[in-house]
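Given as structure tokens, the chain that follows is alone and in the form predicted alone.
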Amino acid sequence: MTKKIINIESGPERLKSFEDNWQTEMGAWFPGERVVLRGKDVFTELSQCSWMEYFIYGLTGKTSTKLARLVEGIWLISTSFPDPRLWNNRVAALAGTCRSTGVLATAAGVGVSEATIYGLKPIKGSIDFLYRATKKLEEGKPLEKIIRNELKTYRTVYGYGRPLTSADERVKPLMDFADSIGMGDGPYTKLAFEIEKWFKASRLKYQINIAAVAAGLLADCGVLPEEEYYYATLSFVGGIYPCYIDSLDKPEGAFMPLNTKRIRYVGTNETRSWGSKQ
């Protein structure tokens, strides 16, 4: 039996109102009977969903086969690359060569995916910018002023430019995929490429990267910035796990070792002994 939650700002009385009393509309497991997610029976109403459809429904309450297919395509084309040089894959490969477990390796790789230059922050920042830019355009502000203000405020525009190479090889394949499922011509996607046109005509010459393309496609589906962040959280796993598995076949400690002669040491030159002296 649930108790009525008391509306108290803080203190022990507030915690007392939650004792043995967690009220939720998200879902529950009824032992020996059923499982409910957002008001739907998992066994009878959601059992025919794909995993991605179920995933999205759990996160947002939205049901859309088309959106699920788009997210799958974005994951495959954009983020799940089995290259151990990539920052989050590198963590998983290092875990493998240290003989850690697959769960810990994957969790660590996912954890460092929440990065500033790569990963989840640019992914969320790109769609947030497209929403803010659209609102300002509707208010009558010119696109150039919107972009310049973004650069002045944040010194970057998420979704444009790339640290390693100017062009992003993922853009065309993702747009081709979007076209194949009847997407890719919505207003936010068009705006993403309009912003690229402005950059190309400016002295910065930034090109669009995959974050802005994915942001435009998802914004055209009504996906909110926080929702895209949730969608993207596990999107790197398809590349993380192969790198971990590959490193298990290598000698322990062999992942990208660095000879000490390659380190520029500027400390003291005194000789140090390892271990305690007898």
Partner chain sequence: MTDTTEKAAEQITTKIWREEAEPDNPFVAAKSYCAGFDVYGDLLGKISLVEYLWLLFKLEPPSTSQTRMLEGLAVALANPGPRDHSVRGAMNAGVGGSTRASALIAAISVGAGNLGGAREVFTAMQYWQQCGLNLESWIDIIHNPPHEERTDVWPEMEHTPGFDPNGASCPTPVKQLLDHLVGIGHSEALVWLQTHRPTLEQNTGSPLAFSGVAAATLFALGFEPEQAEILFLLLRLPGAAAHAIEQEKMGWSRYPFFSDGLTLTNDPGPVTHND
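What we label the rigid core is the largest C-alpha set whose atoms superpose within 1.5 Å from one form to the other. Numbering follows the first chain given and starts at 1. What you are looking at is a predicted structure, and each value in this text was computed from that prediction instead of being measured.
Note that the form predicted together with the partner chain isn't included here; everything after this is about it.
Partner contact region in the model of the complex: 117 to 125, out of 71 to 79, 203 to 211, 117 to 125, 168 to 176, criterion any non-hydrogen atom within 4.5 Å of the partner chain.
Within this chain, Thr44 lines the site of the partner chain in the model of the complex, having a heavy atom no more than 4.5 Å away. Though the partner is left out of this view, Thr134 does not reach within 4.5 Å of the partner chain in the model of the complex, counting heavy atoms only. In the model of the complex, the partner chain lies within 4.5 Å of some heavy atom of Tyr158.
At the 4.5 Å threshold, heavy atoms of Val36 reach the partner chain in the model of the complex.
Taking a 4.5 Å heavy atom cutoff to the partner chain in the model of the complex, the contacting residues in 140 to 154 are Glu150, Tyr154. Positional change of Met256 between the shown form and the other one stays under 2 Å at the C-alpha, relative to the superposed core. The rigid-core alignment places the CA of Thr268 2 Å or more apart between the shown form and the other one.
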